[in-house]
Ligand SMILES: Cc1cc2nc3c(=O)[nH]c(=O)nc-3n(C[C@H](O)[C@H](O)[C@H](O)COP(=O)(O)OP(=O)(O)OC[C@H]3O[C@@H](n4cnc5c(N)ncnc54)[C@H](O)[C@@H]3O)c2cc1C
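Listed next as structure tokens is one chain, alone, in the form predicted alone.
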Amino acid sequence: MSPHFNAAPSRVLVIGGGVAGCAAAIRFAHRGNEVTLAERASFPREKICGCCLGAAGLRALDAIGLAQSVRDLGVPTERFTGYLQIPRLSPTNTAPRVCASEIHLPIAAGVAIARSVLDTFLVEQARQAGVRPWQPYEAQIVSTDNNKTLVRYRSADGSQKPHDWELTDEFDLVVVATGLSGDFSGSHSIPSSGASNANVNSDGSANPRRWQLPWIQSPHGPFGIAAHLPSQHPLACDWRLDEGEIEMICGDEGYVGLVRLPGGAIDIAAALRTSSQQVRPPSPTERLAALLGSHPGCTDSLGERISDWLRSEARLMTAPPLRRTRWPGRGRVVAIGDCAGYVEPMTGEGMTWGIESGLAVADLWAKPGSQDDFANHWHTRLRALQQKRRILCGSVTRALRSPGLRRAAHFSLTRAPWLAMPITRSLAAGPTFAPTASRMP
């Protein structure tokens, strides 16, 4: 038997059909497991995302044979241009903040791709790898121990009543990849035949406690807001943004990233501060418009049109406070991707980290001896996998909210852009994964 496969197949459930969940499902299937993928949304679906996948993410996809296909579906990203709001020199100057001249930084080649396209493609690849899809289906964890996990599930097509959970099943491992806001915990009164039920008391009565993976750091910090500017909209033509360029505007309110997608649409994704000293702070839409309007190439007329579009036409997507860290496992349940923890990314790190964690959890499961106390093994592995890059990314985004540090960064990087290379290289680095392919019949 090939060393790429488990000696005894396991029943694995992956909850969440985004990039992390699909990568995990495919890798588990490649290693010979019986894999089910539960996703509550119907595809294609839009999702709040910067729509950039970095070089390390493409290398991870190479290990499951999908990198070139993703490159073909997207647009190569090869340039990064930053705009930093600089403090006013005069305290009496009440003019709106305007960014200084652009900063051009070298980055490793990645890809820009709409999540509606990428997620649909990856779910289909999972299906072809032998994964059984439940879609649209909701799945929730009822209980777990060191041997099995009990799960309840139901159709998410709207035909079920809110409390109507009729179906249950047991799995050797459940991988939670529900992103920033997904629900994966439930309570149930039906005890598992092979696993102890943490929601049933010793006398057999129901315990209504919901099963949880506890927070290490509960959600806090900036919140996310995003929109797609359609290619046919005049603003998509008037905004100066080249194909293959990642553009970022950083200021007091946070930062916004822009990238042109295949077909000419522009993805706009921002992380905005949640607090304000003003009694009546501007709305998120107004704050996003002001940040975009501070671009040095944005005229007053263009800024007004952007504000009008955001207020009256754009389909805005929001995410709760972004920074969080969850305990990544209990019993036979582990969390991956954004569900396990999140900091604001810059040039495609978010999707990269999700894909890497999906592959890594399947590889760890296949390692001899790791299935005993698997949750703690996964905790150790996840910290080693990404903690340094997450800390670096979070430190950079926090620093760029300081007016003084933005001024210093602009002064340095416009004169010596190579000073940023240690940071960009570190963020583009990642683990090496051995290639796996589907088991042949």
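Predicted model only: the values in this text are computed from it and were never measured. Numbering starts at 1 and follows the sequence shown.
Unshown form predicted in complex with the named molecule; subsequent notes refer to it.
Taking R45, R407, K388, R398 one by one, only a single residue has any non-hydrogen atom within 4.5 Å of the named molecule in the predicted bound form, and it is R45. Listed residues G110, P345, P328, G82 were compared with the named molecule in the predicted bound form; P345 is the one with a heavy atom within 4.5 Å. When contacts are judged by a 4.5 Å heavy atom cut-off, W211 does not count as touching the named molecule in the predicted bound form. Interface membership of R40, defined by any non-hydrogen atom within 4.5 Å of the named molecule in the predicted bound form, is confirmed.
By the criterion of a heavy atom within 4.5 Å, G254 is excluded from the residues contacting the named molecule in the predicted bound form.
Under a 4.5 angstroms non-hydrogen atom cutoff, the named molecule in the predicted bound form has E138 among its neighbouring residues. Figure note: of the listed segments 229 to 237, 173 to 181, 71 to 79, 284 to 292, the one touching the named molecule in the predicted bound form, with heavy atoms no more than 4.5 Å away, is 173 to 181. The partner is not shown here, but in the predicted bound form the stretch 314 to 328 reaches within 4.5 angstroms of the named molecule through a heavy atom at A319, L322. In contrast to the form presented, in the predicted bound form the C-alpha positions of T347 and C393 draw closer by 3 Å or more.
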